[in-house]
Every structure is written in C-alpha cells, then in structure tokens.
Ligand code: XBP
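Presented below, as structure tokens, is a lone chain in the form predicted alone.
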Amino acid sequence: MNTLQALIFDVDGTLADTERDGHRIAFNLAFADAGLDWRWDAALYGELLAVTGGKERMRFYCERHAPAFLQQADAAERIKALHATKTAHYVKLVESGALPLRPGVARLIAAARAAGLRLAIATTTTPENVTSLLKASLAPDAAAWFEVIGAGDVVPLKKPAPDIYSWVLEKMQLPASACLAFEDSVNGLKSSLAAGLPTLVTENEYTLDHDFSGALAVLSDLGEPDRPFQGRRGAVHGKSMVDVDLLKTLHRSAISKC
C-alpha cells in the first residue's frame, strides 16, 4: 500500500497563522480576565512556542517567570480554567474572521477532496479551536471533510512525540507509507517523522530558523496561481504551487527511498 491515500494536516501555523495574532492574544485576554499581570508579547510567545500544548505552555512560563503560581494547591485547576477561558476568546477571534487560512490551503484541500484523497488533522490544539477555524475559514460543514481529527488531549504526550500522528493513523487504519503530513515547526516535523510520515513543511515567521532536516521540501506556503510559493529546500519539480500531482510525486520519491 504505497500509493498516496491521505493527507494529514497540523493546524496552528500550518493551516493558518494563528499563533501571534490568535492564540497569543487569547492567552493575554484570559490572563487579564483572571486578574493576572502576565503579558506575552510577540517575542516572548515565540520562545514559549518551544513547548507544545496550551496548558503545558502556561506551566513552562510559570516555571521561569511566575514560580509562586505553581506553589498554590490549586495551580493545576487554575491553569485548566485559564486554558478554557483562553479557548473561548480564541474561538471568538476565529469567528470574527481575524485568522484567514494561509495561501493555497483552501485550494489544495478542495483539490485533494476532488481527487479522492482522505483528509485528517493531527494537532495539539483543542478540538474546539480546530472546528471553529475550519467552519469560519472553509465552510460550515468543513469539519466533516476530515475523516479523523486528532486534537487536544486525546493522547498524553504532545508533539514532538509521535503519539498524535500514530493515533490518527490507527483511527484511519492506514500505514504511514500511504499518507503525507503537513507541518510548520521542528516539533511538528519531529512528531510526524517519528511516526514514519513523509512530511512537507511550510514555514512561518516563528519557524524560519528551525532545522527541518528530513522534510520532503520546505516552502514559504502552498502557493496560489497568482502568488507562487518560495522554495526553501527540496525539489519542487517545476511547480509554483502545491497541487495533488506534486504531492504524489514527492510521496513516490519518499517511499522509493524507504
């Protein structure tokens, strides 16, 4: 089963540039609601992105900048509550249309569906964040286009552990060799590669300096007919935007080397 049968997408930074002007803003609003003086600016948030998962990211921040918070008996519950408030703020931002999909994402998803490729999601963000983004950016029923949505705490270990991708593959009953993953960060790439998935990377402003060794190719984005992608590394076979034919070519090349 070596033909390309499914595409598995990360969400934050891959489908949309959600981090700086989405999640970061929502975290700050949640902190303000709780009367905390924490404020994550764009530079600090870039550092915090080394940790995947919102609750894990807050704990990481506290360990370095607010250790007294973690000494409270209810620290874990407060972090969980903060995260729930943050998710509510993020969903409102998404529903307002403030976080559009990255170039080429909607086009490629439509083409993949037309070609009969199966679709899935593998992310550390919450299910609510995923479905709200898909609904606001693609179509009201867009979540149903994805056969499996692996999100949030469905697995105990977040990326760079391979667990979320392994979970999705198990649910789809597909081997990694029949799929291709899309990622934007080194933690995401480590996760997908550890699960055995050939992976295409589209970098973003927070991941320009990441080591993407092992990726099929590294691109600025997926490209549009009037806005070609910029190739950073890897063969793109004369293409100026990512289409199903290019994905099949990249996939065949990757599988032939296994």
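Heads up: residue numbers just count along the shown sequence, starting at 1. Predicted, not measured: the structure shown is a model, and the values here were computed from it.
The discussion below concerns the form predicted in complex with the ligand, not included here.
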Give me the residue from Tyr45, Phe69, Phe212, Tyr206 that has a heavy atom within 4.5 Å of the ligand in the predicted complex. Tyr45
Residue-level question: is Arg57 within 4.5 Å of the ligand in the predicted complex, judged on heavy atoms? yes
Just checking whether Thr131 would be counted as a contact of the ligand in the predicted complex - the rule being heavy atoms within 4.5 angstroms. no
So, in the predicted complex, is Thr85 in contact with the ligand at a 4.5 angstroms heavy atom limit? no
Mark Ser220 yes when one of its heavy atoms lies within 4.5 Å of a heavy atom of the ligand in the predicted complex, and no otherwise. no
For the chain shown here without its partner, which stretch in 108-116, 140-148, 95-103, 183-191 has non-hydrogen atoms within 4.5 angstroms of the ligand in the predicted complex? 183-191
Determine the residues of 23-47 with a heavy atom within 4.5 Å of the ligand in the predicted complex and present them in sequence order; the list may be empty. His23, Phe27, Tyr45
